[in-house]
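Below sits a lone chain in structure tokens, taken as the form predicted alone.
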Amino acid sequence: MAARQQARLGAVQETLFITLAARAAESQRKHPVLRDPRAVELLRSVDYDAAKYGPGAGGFVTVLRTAIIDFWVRGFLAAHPGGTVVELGTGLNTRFERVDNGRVHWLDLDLPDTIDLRRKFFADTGRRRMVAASVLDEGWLPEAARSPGPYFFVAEGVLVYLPQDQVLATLARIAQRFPGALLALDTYPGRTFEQQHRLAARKGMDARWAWACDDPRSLERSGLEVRQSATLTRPPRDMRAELPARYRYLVPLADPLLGKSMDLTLFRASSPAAAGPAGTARAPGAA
């Protein structure tokens, strides 16, 4: 058996193994909510701390979050097959492999240590490339603009670890530079933070949540317009019929516990600057 790749990552970057392990475990179910065989391969190829980041009781939460965002990205690509998707804080995500239509352009953006790890398993192509930068930097924005519009930005499981003022400034820069673009974000109310911090401490994880967002509509002041909203127990209506039976029938029963633990929101950048035809994207399924 080949030696596993060593992962030398910062505390927040290491949380990529939470989502990777969850997708790998889900993919090996008989009726998974998403299929990600590449996640299984990656998990077997990297040396990581399974006691900290291995699949656990919260795995289905992570998987549902990912599946909902996949659904929105597929809707965007159905309307704009040659557009650009920018994955912010990509980790070892394999969303490109799950949704690739043969025409989409893609940027995987993350910190240099994570991109160094990604490059052991992925390579740049004519339609997909990796960018080593912080989401908080401005230098990657022109890099994204070199790809054809319209644009869809995804920030899954990353912004919650950043200070609020930096998150709001970053979202405002994206909205101003890419008017009409779509953005998919996960946000968490302040009341969930104590539980996350206790769990992280129990598992020995150094990363802690920093940005609480009790109402995603508050982000409108950063130039974002809410187009669609979802929660773990109330996924997009058109997606529900596609879910395995255990999710369709059992997850709604968890609404009292999980229904308000996380918001998934699809925004449209509504900067005052007018968007041209190539920069305007209609929200998939939006009226």
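Residues carry their position along the shown sequence, with the first being 1. Treat the numbers as computed from the prediction; the structure is a model and nothing was measured.
FYI, the form predicted together with a small molecule isn't displayed, but the following is about it.
Out of 144, 130, 158, 213, which one falls within 4.5 Å of the small molecule in the model of the complex, going by heavy atoms? That would be 158.
Given that the small molecule is left out here, which of 22, 16, 269, 264 has a heavy atom within 4.5 Å of it in the model of the complex? Looking at 22, 16, 269, 264 one by one, just 16 meets the 4.5 Å heavy-atom criterion.
Does the 4.5 Å heavy atom contact test between residue 175 and the small molecule in the model of the complex come out positive? Although the small molecule is absent here, residue 175 would stay clear of it in the model of the complex, with no heavy atoms inside 4.5 Å.
How about residue 109 - does it come within 4.5 Å of the small molecule in the model of the complex, if we only consider non-hydrogen atoms? Contact with the small molecule, yes.
Is residue 205 close enough to touch the small molecule in the model of the complex, meaning at least one heavy atom pair within 4.5 Å? Flag for residue 205 set to no.
Hey, in the model of the complex, does residue 162 get a heavy atom within 4.5 angstroms of the small molecule? Residue-level check for residue 162: yes, a contact with the small molecule.
Quick one: find which of 176-184, 134-142, 213-221, 194-202 has residues within 4.5 Å of the small molecule in the model of the complex by heavy atom distance. Looking at the other structure, the answer is 134-142.
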